[in-house]
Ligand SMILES: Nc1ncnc2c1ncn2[C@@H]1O[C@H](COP(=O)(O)OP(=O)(O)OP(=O)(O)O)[C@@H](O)[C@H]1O
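First, one chain by itself: the form predicted on its own, in structure tokens.
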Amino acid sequence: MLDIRGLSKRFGYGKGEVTALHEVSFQIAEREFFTLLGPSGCGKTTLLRLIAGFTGPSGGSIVLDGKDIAAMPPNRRPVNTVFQSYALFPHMTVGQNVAFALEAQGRPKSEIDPAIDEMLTLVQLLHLKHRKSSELSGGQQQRVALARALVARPRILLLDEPLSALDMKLRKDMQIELKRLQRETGLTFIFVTHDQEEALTMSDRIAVMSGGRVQQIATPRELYDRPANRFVAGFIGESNFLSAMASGGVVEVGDGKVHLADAPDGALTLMIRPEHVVLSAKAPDALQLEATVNQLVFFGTDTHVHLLLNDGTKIVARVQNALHAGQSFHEGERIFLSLPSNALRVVNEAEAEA
């Protein structure tokens, strides 16, 4: 439905020119929950503003339903945006806030009233229809902003970090609510966030961005299990990185060896997630290493065991407390690690180029 083709954005002139987006290209399907994920300054909000029409591109095209809308003013695009600050009218009631977009379009009252009730029912706020928006909680205001954006039935809903102002529990609740709303309305959502948990929880696909470039586009599970490079591996979830040498499919890390058929010859970097590190056991088809327990960090359901390999490399193992209730470790203790070959990934150190 949406085809981003070689989209670029530059700010400033001459020596002061800064490139915020480097010829970004990707496609988004109809009814997809698509997330732009990355650290501050990576270009994700710039990309969202280009799709909304709040700023113009320096190059490339934005094709919606086969038509290039890059030069179309924002008020003519079938796109609505929910911002970080909800921008509600404090002197208006909830119902009046939701009605504003339809009134601006000149819709008749006979059409507006049922649409308001439908949207407020969808966001579970119909009982607050006549309350002033300034009297609502942060989570309720966010739902009103969503209802106002949805009531005009846009082809695409853009969401610019709309959950960042909420506390942790409410943010988690709203993650579930946003996904429910997207499924029930059948709209395409493009969501911007720097929070990997939000992205993994809600998205059908995620575009991980860094330095104005897309590093990888994939489903949450694909990103977690098979990151394209070290940046993605480090940004999505927690990762351990090991320097290694490979020859003929045999990979050496310190005193340990393991067979990885896809490992290219020469120096490389291996990645393994903390939950795959097996402690105090020698497993078949695994890289066997010796380490010292450096620190234990209790997280309720898990304990993170921070370790030092013989060469000083740091590695973290995640141990589920319910499954290892009888197993205890002590700082300074020497233990064996097993890193299963099917959990080891060779990662590219280089990020994506333009």
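The numbering used is simple: start at 1 and walk along the sequence shown. The model shown is predicted, which means the values in this text are computed figures rather than measured ones.
A second form of this protein, the form predicted together with the named molecule, is not displayed here; the remarks below concern that form.
Only one of the listed residues (289, 42, 62, 286) places a non-hydrogen atom within 4.5 angstroms of the named molecule in the model of the complex, and that residue is 42. In summary, the region of this chain contacting the named molecule in the model of the complex, judged by heavy atoms within 4.5 Å and restricted to 312 to 320, 62 to 70, 289 to 297, 33 to 41, corresponds to 33 to 41. Although the partner is absent from this view, residue 303 stays clear of the named molecule in the model of the complex, with no non-hydrogen atom inside 4.5 angstroms. Taking non-hydrogen atoms only, residue 161 approaches the named molecule to within 4.5 angstroms in the model of the complex. At the 4.5 Å threshold, heavy atoms of residue 336 stay clear of the named molecule in the model of the complex, well away from it. Contact check for residue 344: every heavy atom lies farther than 4.5 Å from the named molecule in the model of the complex. Residues are counted as partner-facing when one of their heavy atoms sits within 4.5 Å of the named molecule in the model of the complex; in 8 to 39 these are 11, 18, 20, 39, in sequence order.
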